[in-house]
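Presented as structure tokens, the chain that follows is alone, the form predicted on its own.
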């Protein structure tokens, strides 16, 4: 009995020693959290410092099963979809009495108080025309656009799967679509939920979903594509920006792929997007040397068989989550893992976040926080310390992100936001510093219980929230300004 107890004690001892030895260091835990969340707390950091690399990576990628992904559609979007159909019917019939009745619903419930900003008023039936009706409908969409942006920001803040939310933004910027081009909030909402749902699944399934997505199709003019005159926009961006990268296809491949993508149509009245085989070019095509009667499904299969696809996606993921540059050895290794696992996104990230390469010192603090990363990390810091002013709300987050160059649902072009050092210029750096100053009020701090003047507190802030050691001397000077300097300084801009 004593011998058995001794063995148990020895086993427990080595387990505890091993756990302590292999648990993430503070620096490693901060590095992983900074790459997998928009923000993290001191509690998060302490939890991850108790995990080894594998457990930490699993928790970072997602400890939940996704059962909270499906949520009710925002009420304003439900109303917008229902009323939009009625307005389109009235517009086509030039039934301006019915059109005005539907428009007045929005005017009386939403627009009246904002009519100066909206610059849209109900018109008498005698002055109505199809052109005016379309203008009024666009104004309604424009009015509700900020609500959709704020809905997403709330998801970012409250999500129980923070990495999935980070990936939703990543795929939004990869398969780029903008409100300015699509002009339909419901389609953008559906697409956003699609990226969230598919974020950690198979890239093959994600790519298939993308070409069947109405928002992306409208953005790249796919419904205009015809048998006798195929539109090349989606085929070109599918190769260049979504799957293969420049130099891995020919102009002939684009032309043939565009024929494979014919047959899509969108009905705005019925709000449906379909692939109609009768409208599809059913003749033979030659894509990357392969010949056949290819349709959209076949096209994705052909793309996935090319090794360049795996390398392109791994390179882009590495640039966003690890370092702007990847070595040939790293690219070969992770590309093989990705392709050999049937393009499983979760397995790719698990292999990256448990690798020695990920934790190399050159990768710590090597990326620049996007505007939404920066704002939410500061917002979270103030909230965690109990000093967040009420005026620092979702409206401020939305407006400041736009001022800093990142308007959600409106990337600048089909290439999306460039990211990295493009986030920082003379104007945006001043905007970031001004945001910190705006809500870092010494008068409020003096009346709080936070020891912001003490050197111990200043060092604690640096140890928890900065990805690298601070470049200022924390032991000298007025302590009241040290934390401000840390939060507005260059190191807090990094992740």
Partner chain sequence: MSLKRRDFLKIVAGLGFSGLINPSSIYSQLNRVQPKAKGREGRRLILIQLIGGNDGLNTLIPFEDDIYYKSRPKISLKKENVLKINSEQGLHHSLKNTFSLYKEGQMALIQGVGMDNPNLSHFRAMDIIETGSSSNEVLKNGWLARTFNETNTSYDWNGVVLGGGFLGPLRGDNLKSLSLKNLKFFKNSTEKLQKLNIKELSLLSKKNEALSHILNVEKSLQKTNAKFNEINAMETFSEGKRFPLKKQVETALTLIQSNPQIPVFVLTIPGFDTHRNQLKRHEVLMGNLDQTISTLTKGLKKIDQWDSSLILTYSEFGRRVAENESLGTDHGTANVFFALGGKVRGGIYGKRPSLKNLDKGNLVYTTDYRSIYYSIQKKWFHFPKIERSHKLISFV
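Here, rigid core means the biggest group of C-alpha atoms that superpose within 1.5 Å across both forms. Positions refer to the first chain, counted from 1. Here the structure is a predicted model, which is why all the values come from computation and not from measurement.
One more form of this protein exists, namely the form predicted together with the partner chain; it is left out here, but the text below deals with it.
- With the partner chain left out of view, the stretch that reaches within 4.5 Å of it through heavy atoms in the model of the complex is, among 206 to 214, 94 to 102, 131 to 139, 72 to 80, 131 to 139.
- When contacts are defined as a non-hydrogen atom within 4.5 Å, all of 430, 433 and 471 contact the partner chain in the model of the complex.
- Put simply, of 307, 158, 422, 108 only one has a heavy atom within 4.5 Å of the partner chain in the model of the complex, and it is 422.
- This chain lacks the partner; the member of 228, 391, 413, 126 within 4.5 angstroms of the partner chain in the model of the complex by a non-hydrogen atom is 413.
- Using a 4.5 Å cutoff between non-hydrogen atoms, residue 449 does not count as a contact of the partner chain in the model of the complex.
- For residue 437, a non-hydrogen atom is located within 4.5 Å of the partner chain in the model of the complex, even though that partner is not displayed.
- In the model of the complex, none of the heavy atoms of residue 255 sits within 4.5 Å of a heavy atom of the partner chain.
- By the criterion of a heavy atom within 4.5 Å, residue 223 is excluded from the residues contacting the partner chain in the model of the complex.
- In the model of the complex, the residues of 340 to 365 lying within 4.5 Å of the partner chain by at least one heavy atom are, in order, 364, 365.
- Relative to the superposed rigid core, the position of the CA of residue 94 differs between the shown form and the other one by 2 Å or more.
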